[in-house]
Every structure is written in structure tokens, then in C-alpha cells.
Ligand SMILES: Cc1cc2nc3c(=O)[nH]c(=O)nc-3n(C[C@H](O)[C@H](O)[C@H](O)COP(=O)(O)OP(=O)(O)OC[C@H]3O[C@@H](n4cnc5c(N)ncnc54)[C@H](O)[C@@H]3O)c2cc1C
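For reference, the chain that follows is the form predicted on its own, supplied as C-alpha cells.
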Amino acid sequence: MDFQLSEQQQLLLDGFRKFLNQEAKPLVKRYRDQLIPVSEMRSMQRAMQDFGVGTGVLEERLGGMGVDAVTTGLLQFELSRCSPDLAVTALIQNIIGKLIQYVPEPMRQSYLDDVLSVQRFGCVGMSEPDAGSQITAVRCRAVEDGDDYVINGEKMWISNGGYSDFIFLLARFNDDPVGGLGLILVDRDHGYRTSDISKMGLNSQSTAQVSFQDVRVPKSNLMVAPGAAMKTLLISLGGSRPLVSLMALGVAQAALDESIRYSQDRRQHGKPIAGHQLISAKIGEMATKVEAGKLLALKTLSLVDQGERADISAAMSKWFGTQMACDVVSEAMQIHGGNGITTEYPIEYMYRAVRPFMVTEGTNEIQKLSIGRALTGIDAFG
């Protein structure tokens, strides 16, 4: 693996950092801990597409930029370093870009055009109140009725849910635990409802509960027939776990940046606190943890780019990177002392924003079990 950035990647990242400083930072500062209105979120996501963020992953023949997985990871790291809230919405746009190919042919171009122009936001409905990591427990049901399916149930923790104009819904079509799950496209106009969830952090973007009560959807909206949905989702989401890791590490990098500045300016016992061994050692450990997490995630994304199997590496990078990120932000708060827990400094926000990544895309405990199963061939989930 070549760890050196290409000239094109370096120019792209330099330009993106400049854009974030000039355009994104004022927006996220204005809406700290408040939901960014959908119109402003659309405008920002549309502007970031020029750098390949979000739907830039789409192939050029479909109107995208064909951005590779490693470059996508680098962009998500920089974006989360500025705003993890914007990064979450961009991640969902990225996933929607991968799933759009499964929209039935007669409808595909319309959705493709609207997604590329950010006229419509999408989301993916998998988790439920009683079905998080155990996808086979999905209860949201689609029942055949003439030319339609009638859908009833709930989805929880749906990123982009409140913003969404449509949802790629994982629903149960029969009682087979895995074979009964299918993927169907449901428009907001079909009647689903959303309610945003208040969280400890990441409240500037939408995380919602999505409710379906006798929602009638044409059979022609079936994207992936029952039995093949889980495989389709696993393939489409295969590169998202290392992206989540890099997003958490982007927050950690921002916390490290703040800690370095603070340790240079804050004086105790006649000198900057950076001159005290305990503080200097903390900063050295923090920087190493961020770098180690980044390398594991980028290695995983490199495997994705090469078309190689990356499930073990993806699980490793997700739990390790998010754990390291939380450790780093916690140490950053310690370095800031009492100032770290005040809203005057950004560390307090970062501390709350980074923690949810440990449960996003499957909890870290589930990642460890997945790794153990892959290495031993023995399932410890039951």
C-alpha cells in the first residue's frame, strides 16, 4: 500500500480545507447543537459535491465523479474534523449513491438526477426499536395487497431521516429470518412520518424515528427481492465502517489540534503547560492513536478499492478507530482542565459528538464478535 498522497489528492484536500474554513465553519458555529435547516443542509451538501463528497462516489457514467474509497475516507476525515454533523449527512449521501443502482429502471433516472442535484435527500431504514445489531429481528412488515405492498412498523436511529424525501427500507415480506427480508423504495409522499431524536451530540443533523402506518407502496418500487436484501446491503455498506472510523478520528484530530494550541498558550508554574512532562506525553500518545486509527481505516479502504474482501479489516478499523477517537477527546478534555467542560471551548462539544460513533454501524462489541467469528469459524452471537 502506498501511503503517499498523490498530487491530485493533495490539491483536492487543500482546496477542501479552504472551503470548509470559509464556508462550513460559520454554518456549523451558527447551528451548534441545533438542527441545520434542510434548505441550508442541501445547499452545503451541494457545494461539497464539487470536491467529490457524498454522491461523488457514483461512477462518472452515472453523473458522479468516480471518487475512490481512500480519497472518500480522506475527505470524510477532513469534513468531520470541521463538523461531524455535516459528515454524517455526507456519509448517507455516499451510501445512497451506492444504492441508487438498485432502483428499478423506469424510475432510476429521476432519482439519480435529484440525488446528484441534491433536490432530494434519501436515507436507509434498517435499525428498529427491537432490531439494532440483530437485523434478523426486523419486524417492519410489507404485506401484499393487489398491485401494492402495505407497510406497517417503525425504524429507529435513521440518519438523515428527518431530512429524507425517500427511504430505502429493509422490510419483512415473510417469516423467514433472513430470506424474508427485502428492500423497497418508499417516498415521503407515500405517507411515512419522521420524528427527530434528541441525542447527547450530533444534533445539528437529523437522526430520526420513522413510522409506517398502513403506508401503501406500488409493487414496482421493490428494489431487491426478499432473500437478497441483506447481501445487497452488506456489499453497499461494506466501505462505510472505515469511513465511520475516520469520521470519529476527524473529531479526535480537531481535539488534538485544540489541545496543542491550548498547551502552548496556557501557563502553569511559570511556563506553558506543554513544557510539563505529563502534558507533553499525553499529546504524544494522542497523536499516535489518531495516526494508528487512520492507517488501519485507510488500509481497509485500500482493500475496497482493490476489490478485495475487507470485512475483518472493516470491523477492526471501526472499533479500534472509534475507541481511539474517544480516548483522544477524553484526554483533550483533561488537558483543558476546568475549561474543557465549559461551552466556551469546543472540547465539550467534541466530547459529546465523538461518543455516538462507538455505536454507529454496529456497536464495537459486535465488531469484536464479528472478527472472532471470522477468525475461528465459530459463532458467539447466540
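This structure is a prediction, so every number in the text was calculated from the model and none was measured. Residue positions are given as counts along the sequence shown, with the first one as 1.
There is another form of this protein, the form predicted together with the named molecule, and it is not shown here; the text below is about that form.
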item: Candidate stretches 260-268, 112-120, 296-304, 132-140, one within 4.5 Å of the named molecule in the predicted complex by heavy atom; value: 132-140
item: Contact test in the predicted complex: Met126 vs the named molecule, heavy atoms, 4.5 Å; value: yes
item: In the predicted complex, Phe166 touching the named molecule (heavy atom, 4.5 Å); value: no
item: Contact label in the predicted complex: Ile158 to the named molecule, heavy atom within 4.5 Å; value: yes
item: Close approach of Pro356 to the named molecule in the predicted complex, 4.5 Å, heavy atom; value: yes
item: Selected contact from Met286, Ile92, Leu86, Leu183, since only one has a non-hydrogen atom within 4.5 angstroms of the named molecule in the predicted complex; value: Ile92
item: The named molecule in the predicted complex - contacting residues of 356-377, heavy atom within 4.5 Å; value: Pro356, Val359, Thr360, Glu361, Gly362, Thr363, Glu365, Ile366, Leu369
